[in-house]
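Below you will find one chain, with nothing else, as structure tokens; this is the form predicted alone, and questions on how it binds or moves follow later.
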Amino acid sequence: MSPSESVYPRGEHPDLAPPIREAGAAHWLRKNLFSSVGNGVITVLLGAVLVWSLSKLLVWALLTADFTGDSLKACTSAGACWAVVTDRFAQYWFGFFYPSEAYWRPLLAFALLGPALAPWLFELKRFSGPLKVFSLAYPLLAYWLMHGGVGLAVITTDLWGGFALTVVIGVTGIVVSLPIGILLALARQSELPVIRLCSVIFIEFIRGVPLITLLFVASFLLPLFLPEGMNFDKLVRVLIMVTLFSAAYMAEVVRGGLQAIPKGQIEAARALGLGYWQTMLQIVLPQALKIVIPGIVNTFIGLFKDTSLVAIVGLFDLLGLTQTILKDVAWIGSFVEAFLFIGLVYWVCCFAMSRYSQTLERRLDTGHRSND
């Protein structure tokens, strides 16, 4: 009897490969792009348009582009003038006023950001404990590197700018807003009326006011209400407002996850004698946060892009610095290349966060859909 005619007991038949016509690239193309005559025609037409557009873009952006020069007039070809980026490359990353001899300090701070975040973002079998200790010390280390003091020349925050400032605001807002948002979500579901009311008022007020309004209040109005001679750094004020703004939205995302957890689990935990914080930290929050991973990352991405608003209050982040460069007589008219460059920078950062969230979802098996 041939193997194909063999009889196996129920439940013991080996897994067989799918038929050739039901697997592979040919099957995917037939199913998704050429499932009918009409779909095939549309696929061919859209493919032709895409190839034509990409070829034109390639010629303009690379093949006929100029990459060096000290002004727009120095770009003589018909392609893009990337000299606006290469000529001011250091300023895009560090701003106009950060001393060039100290560029190594923010570079080192950013290099150390990876090890500081690694134990919280990935499952590390080795060095997890020491890296978590390093993570707790990293904020002070990064501030010392960028600001100075105790052996390093002081560089005040009004001299910070460019992508470095964008990263400082974005990472600080993301890291700090998550725990605050979780606490606000728990407070909004608290059985204590005062705590619940305070959380509701804060969340609804922050969500009802545009971020730009809060930045204006922090930058221009708040100093008017402080005692004479008392003031604190504008960047610190902006960081506080950006963090609180993001935390209010984060609280609603987390609250959605909390509401998805069956009350029976909480009642079972109480029956086992677990206290409130034991129940939340060990049972409810791990499940709730896994459910709302897409919403959390979406809030983070929105926060990172909203950092561009700080240009309106006089901070030279990546967008504000680009707008200032384009006011230079030498680079007037180079806005396409300049904004394409910073758009690519923002896209790379946001795409990386999006891909990480998808990886995290698969690792934690948070989805309930089939893989078909």
Partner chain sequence: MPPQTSFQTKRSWRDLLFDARVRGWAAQVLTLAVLAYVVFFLASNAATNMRALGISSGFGFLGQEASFDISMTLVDYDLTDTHAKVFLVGALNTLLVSVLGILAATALGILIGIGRLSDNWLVAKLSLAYVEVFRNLPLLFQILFWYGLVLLWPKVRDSIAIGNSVFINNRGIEIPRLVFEEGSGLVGGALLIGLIVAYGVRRWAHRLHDQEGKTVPGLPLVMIAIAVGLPLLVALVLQFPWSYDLPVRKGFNYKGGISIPTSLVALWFSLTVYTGAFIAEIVRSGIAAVAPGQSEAAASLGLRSGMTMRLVVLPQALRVIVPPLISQYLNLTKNSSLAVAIGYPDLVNVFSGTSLNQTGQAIEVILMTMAFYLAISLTISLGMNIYNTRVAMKGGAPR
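Numbering follows the first chain given and starts at 1. On a predicted model such as this, the values are computed, not experimentally measured, just so you know. In this text, rigid core is short for the largest set of C-alphas that superpose within 1.5 Å between two forms.
Same protein, other form: the form predicted in complex with its partner chain, not shown, and the subject of what follows.
Novice: Would all three of A137, L274 and I283 be in contact with its partner chain in the model of the complex, where contact means some heavy atom lies within 4.5 Å?
Specialist: Result no, not one residue of the spot touches its partner chain.
Novice: Report yes if any heavy atom of I195 sits within 4.5 Å of a heavy atom of its partner chain in the model of the complex; otherwise report no.
Specialist: I195 belongs to the contact set for its partner chain.
Novice: Looking at the partner-bound form in the model of the complex, is I212 within 4.5 Å of its partner chain by any heavy atom?
Specialist: So I212 counts as contacting its partner chain.
Novice: How about Y249: is it within 4.5 Å of its partner chain in the model of the complex, going by heavy atoms?
Specialist: Yes, contact at 4.5 Å.
Novice: Even though the partner isn't displayed, in the model of the complex is N32 close enough to its partner chain, meaning a heavy atom within 4.5 Å?
Specialist: Yes, N32 sits close enough to its partner chain in the model of the complex that at least one of its heavy atoms falls within 4.5 Å.
Novice: Counting only non-hydrogen atoms, choose the one of 105-113, 128-136, 213-221, 174-182 that falls within 4.5 Å of its partner chain in the model of the complex.
Specialist: Selected stretch: 213-221.
Novice: Could you list the residues in 28-50 that come within 4.5 Å of its partner chain in the model of the complex, counting only heavy atoms and keeping sequence order?
Specialist: W28, K31, N32, L33, N39, I42, T43, L46, G47, L50 sit within 4.5 Å of the partner.
Novice: Would you tell me if N298 moves between this form and the one not shown by 2 Å or more at its C-alpha, with the rigid core held superposed?
Specialist: Yes, the C-alpha moves 2 Å or more.
Novice: Aligned on the rigid core, do the two forms place the Cα of L140 2 Å or more apart, comparing between this form and the one not shown?
Specialist: No, its C-alpha moves less than 2 Å.
Novice: After the core is overlaid between this form and the one not shown, has the C-alpha of V59 moved by 2 angstroms or more?
Specialist: False for V59: its C-alpha shift is below 2 Å.
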